[in-house]
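The chain below stands alone and is given as structure tokens, in the form predicted on its own.
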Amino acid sequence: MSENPDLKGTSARAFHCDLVARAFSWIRPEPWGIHVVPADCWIDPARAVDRALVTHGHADHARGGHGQTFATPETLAIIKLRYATSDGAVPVAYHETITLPGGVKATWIPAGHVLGSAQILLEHAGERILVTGDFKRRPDPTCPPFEVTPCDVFITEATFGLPVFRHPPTQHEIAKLTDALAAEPERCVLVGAYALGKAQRVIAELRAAGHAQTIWLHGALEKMCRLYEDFGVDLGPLSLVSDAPSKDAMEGHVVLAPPSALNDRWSRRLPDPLTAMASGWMRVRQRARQRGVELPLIISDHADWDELTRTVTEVAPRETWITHGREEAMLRWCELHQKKARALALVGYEDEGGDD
């Protein structure tokens, strides 16, 4: 008796759908993080778990309280500094591959975001899934550059995932800062910069541009700057504003402070400060005005629109998953370029937090 061709076609379609359903089924995006099911571990979870794989040290990706924390030595040091804990810390060097429960292999690969930042490549059941955390493609003297890594699923951020966000050359923004300093040497330039990553990058970029003068720091930035130095990042001469003998000592100098201190009473101790801020969001003039920023510096630790789309093209995954940020624009771009994509509903990730 011959087979019914309609039933045969139905069976074939059902089998194909089952294969599609099972693809990448071992990794599940949950509201509070990405669950690697066979290993029963989580990537950058927003709550305490038994086993966490952490991409980098910003507060929307790293926290204390996990049973075990797998991360680069630099990220673990940052977590220890910020949360005063190193319990369960498991250091993983760049390009080192570890085997997790369930036979899942995990490799930490440079992400170019901040000191210690990594993409995490997961391999299981013949599939490769790459979780970027946050990343940028611009050179940064404080951390290794992003490495393009082929994979089946590319999980990307989209913080600046709109065509309007095209970051200018970093050297151009640093020149704006040094030119402002030279134009009014009786003043100082007060730069708002986040404590982890941005402050150290601004300092290092100034040094690369030949600025050898002492840079004055708000006390909230000192420990993280010293941690960077402990890992071999040369930041040159730094001093605390609280140690300045007088206002005059800071005339003609750069002063770095957390953004919250820009218009705070603390700034009154400075010599007629010109207020600046280093952030990718300074592309939006209204944000600069809202913060009272006179000198916006468009310096970001995230990929801009062109870098996001170029990276997806270079990685050439079977699917792109977008974790946070401007998801709709990225999804539309993928659709127009015949690239399969989906948005993930994760909570606890800031699109304009302390690392922009």
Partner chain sequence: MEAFAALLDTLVYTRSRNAKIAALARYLRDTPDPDRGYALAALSDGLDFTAVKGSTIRALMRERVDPELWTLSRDYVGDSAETASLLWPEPEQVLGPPPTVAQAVDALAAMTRTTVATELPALLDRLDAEGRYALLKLATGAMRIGISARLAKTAFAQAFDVAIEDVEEHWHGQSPPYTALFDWAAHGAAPPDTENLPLFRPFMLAHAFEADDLDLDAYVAEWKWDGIRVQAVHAPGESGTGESRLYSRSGDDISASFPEIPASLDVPCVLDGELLVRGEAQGGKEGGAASFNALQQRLGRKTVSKKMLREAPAFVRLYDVLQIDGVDLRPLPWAQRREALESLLHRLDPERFDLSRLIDVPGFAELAALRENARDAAIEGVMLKRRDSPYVAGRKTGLWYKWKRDPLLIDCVLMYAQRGSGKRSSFYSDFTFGCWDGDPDGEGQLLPVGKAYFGFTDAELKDLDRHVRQHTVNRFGPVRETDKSLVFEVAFDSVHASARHKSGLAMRFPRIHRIRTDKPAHEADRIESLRALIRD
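Not measured: the values here are computed from a predicted model. Residue numbers count along the first chain shown, from 1.
One more form of this protein exists, namely the form predicted together with the partner chain; it is left out here, but the text below deals with it.
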Query raised in the report: If you check in the predicted bound form, is residue 87 within 4.5 Å of the partner chain, heavy atoms only?
Result: no
Query raised in the report: Looking in the predicted bound form, any heavy atom of residue 26 within 4.5 Å of the partner chain?
Result: no
Query raised in the report: Counting only non-hydrogen atoms and a 4.5 angstroms cut-off, does residue 332 reach the partner chain in the predicted bound form?
Result: yes
Query raised in the report: Would residue 64 count as touching the partner chain in the predicted bound form under a 4.5 Å heavy atom rule?
Result: no
Query raised in the report: Of 228, 108, 165, 135, which residue is found within 4.5 angstroms of the partner chain in the predicted bound form when only non-hydrogen atoms are counted?
Result: 165
**Report entry** Contact residue in the predicted bound form, chosen from 179, 264, 96, 248 - any heavy atom within 4.5 Å of the partner chain
**Finding:** 264
Report summary line: Counting only non-hydrogen atoms, the one stretch of 203-211, 275-283, 236-244, 126-134 within 4.5 angstroms of the partner chain in the predicted bound form is 275-283
